[in-house]
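One chain comes next, on its own, written out as C-alpha cells in the form predicted alone.
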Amino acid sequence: MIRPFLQVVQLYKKFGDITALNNVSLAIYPGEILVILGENGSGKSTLAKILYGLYFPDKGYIKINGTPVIFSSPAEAKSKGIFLVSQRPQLIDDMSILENIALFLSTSPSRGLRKKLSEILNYLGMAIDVDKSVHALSYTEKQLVDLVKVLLAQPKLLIVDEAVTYLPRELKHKFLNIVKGFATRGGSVMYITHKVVEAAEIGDRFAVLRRGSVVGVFEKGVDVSTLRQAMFGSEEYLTAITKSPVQRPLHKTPALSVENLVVFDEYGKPAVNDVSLSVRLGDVVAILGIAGNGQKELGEAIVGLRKVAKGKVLLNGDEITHMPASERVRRGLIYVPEDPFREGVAIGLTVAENMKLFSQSRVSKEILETAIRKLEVSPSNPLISVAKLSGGNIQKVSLSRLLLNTPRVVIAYSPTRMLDEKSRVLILRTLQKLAESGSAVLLLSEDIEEAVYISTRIGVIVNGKIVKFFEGPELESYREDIEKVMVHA
C-alpha cells in the first residue's frame, strides 16, 4: 500500500473567537491531486498556511512520509519540499520578474535561468519581458509569475491556493496540464479552489471544508451537484442570475463616455491606445482582455488614478478628464479595484470602519448590518478587523461600497476574483440589479464567463486597443469567438 507523502492529523486553529479549523485530518499521496473545496472563510487558506509554516496549529500535527514534523517557518516547509502559491502573489514590487525568481531560488539571474523562464512563459502564451518590474504587472500577471516561480523550485508537494482563478481558459488549461504532468511524475498537489467545475476536471480526490471542518471526502468521478451540496447545502443560488440578460430600455445619452483615450504605462509606452467607448444608464458593458492588455490602466484613467495623455473622459456629459478622483466619486462614480488587499480596503481597520469610509452619507448600525448580511460577510461581526478575514470576505467588504452608495456609474475591475461560486453569483446579480435600477456599469475583466452572464455589450481589448465589440441578447453564443479574439488578435 502506498504511504501518504503528507498527513494532517486532527488540526485545530482558532483566531480569537473564530474557529478556522476544527479537527481536520487529511492525507495526500504521491502522484495525486487532492482538491480542497470550500466557500469563502471555510478554512482552506488557513490549512495551506499551516502546511507552509506560516501558522502554527493550536492542536494536531503534520506527518511527512510517516514522520511527525513541526514547521515554524516557510523555510522549514520548503526544506521538506513543500511550496505554496497563494491567492495573493508573494513578489517584491521593486525588483524585476527575473530578479524575484532568482532570489526565490537562491541563485543568480543567469542566462540559463532567463532562458528557462522565458520558455515557460512562452509556452503559457504570456509575452512578458522578464526584466519588467513587478510593480508594473497586473494582478493576474503577478499570479502567473508566482506560479512559475514555484514550479521552477521543483517541489515535492505543490500547494496552489486559488492562484489560477482569472487566467484565460486556454492559458489555464496549459498551466493545469503542467500541474497534471507534475503529479504524473510522482509529485503531490493540494489544489485549493472555490470553482467546482474546475475542481472536477483536475482532481483525483476532493475534500470539502465547511466552517473549518471536513464535511466530505469524494473520489474521482463525483458529480458536480454532490460537491455543491457539500459546500453550500443546496444549489438554489444558481437561479439568482439570468444567463442571458433581459434587454432593458436604455437611455440614449451615455452616462460615461471615453473618447480617443491614450494612457501611458510606467515605462512611457501606450497602455491604452486611442480607446473610445460609452456606457448608458441601464447598460452593463464588459471590456475583456488577457492580463496586461490595458484594462487596468483604462479603469485607473477613468476614475482619476492615472494621468490621461490624450483624449477625454465624460461623466453625465461633463468632462472629468483631469478632475480629482474625489470629485468623480462625489459625482457618482464608484470604483471597485482589482486588488482588495492593497487598494480595496484599509486592512488595519474594522469592517464597520471600512464601510463608513466607503459611504458618502452617514451610516447607521442597521445599514451596516444589512450590507454585511446581503454580502454574506463571514464572520458577520462588524467590529472585527478586516485583517482577520479570508481573502474572499475581504473582497466582499471592498464590494460593500456598491450597496452603501447610489452610484451613477460603476467601474468594477475583476470584482469576483476571490469569491466562491455562490458569492460570485451574488455579486454579479448585484451588478445586474444596479443596472436594472438605473446605474451604468463598466466591467473590466479577464473572465469571459462572468461577462457573458451579465453584459449587454462586450468589447475585447488587445495591446491597448478595443479590437471588436459583441452585442445582443445571446452573448453566450459568442463565447468561443470572444476567446479567439482575446488570444489571437
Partner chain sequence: MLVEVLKIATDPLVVALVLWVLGNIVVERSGVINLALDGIITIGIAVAFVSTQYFGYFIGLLITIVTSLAFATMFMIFINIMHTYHVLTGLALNILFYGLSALIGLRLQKSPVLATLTLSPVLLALVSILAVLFTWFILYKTSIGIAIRACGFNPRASEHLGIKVWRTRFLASTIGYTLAGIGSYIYATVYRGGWVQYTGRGYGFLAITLAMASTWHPLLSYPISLVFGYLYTSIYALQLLHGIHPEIVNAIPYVASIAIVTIVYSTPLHKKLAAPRALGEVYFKEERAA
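Owing to the predicted nature of the structure, the values given are computational and were not obtained by experimental measurement. Just so we're on the same page, rigid core means the largest C-alpha set that superposes within 1.5 Å between forms. Positions refer to the first chain, counted from 1.
Keep in mind that the form predicted in complex with the partner chain is not shown, yet the notes after this line are about it.
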{"query": "4.5 Å heavy atom contact, Asn100 and the partner chain in the predicted bound form", "finding": "yes"}
{"query": "Lys49: touches the partner chain in the predicted bound form, heavy atom cutoff 4.5 angstroms", "finding": "yes"}
{"query": "Exercise: Pro379 in contact with the partner chain in the predicted bound form, heavy atom 4.5 Å", "finding": "no"}
{"query": "Proximity of Val9 to the partner chain in the predicted bound form, heavy atoms at 4.5 Å", "finding": "no"}
{"query": "Of Gln90, Thr370, Asn177, Asn316, the one that lies within 4.5 Å of the partner chain in the predicted bound form (heavy atoms)", "finding": "Gln90"}
{"query": "Residue (of Val222, Ala136, Ala387, Leu151) lying close to the partner chain in the predicted bound form, criterion heavy atoms within 4.5 Å", "finding": "Ala387"}
{"query": "Heavy atom distance at most 4.5 Å to the partner chain in the predicted bound form, all of Phe232, Leu281 and Tyr453", "finding": "no"}
{"query": "Interface segment, criterion being heavy atoms within 4.5 Å of the partner chain in the predicted bound form, picked from 196-204, 91-99, 272-280, 224-232", "finding": "91-99"}
{"query": "Partner contacts in the predicted bound form for 59-83 (non-hydrogen atom within 4.5 angstroms of the partner chain)", "finding": "Ser72, Ser73, Pro74, Ala75, Glu76, Lys78"}
{"query": "Asn40 C-alpha shift between this form and the one not shown of 2 Å or more, rigid core reference", "finding": "yes"}
{"query": "Rigid core fit then Val441 CA moved by 2 Å or more between this form and the one not shown", "finding": "no"}
{"query": "After fitting the core, Lys307 CA displacement of 2 Å or more between this form and the one not shown", "finding": "no"}
{"query": "Outcome for the Cα pair Ala136, Ala291 in the predicted bound form, compared with this form (closer or farther; change of 3 Å or more)", "finding": "farther"}
{"query": "Relative Cα spacing, Asp447 and Val145, in the predicted bound form - shift of 3 Å or more", "finding": "farther"}
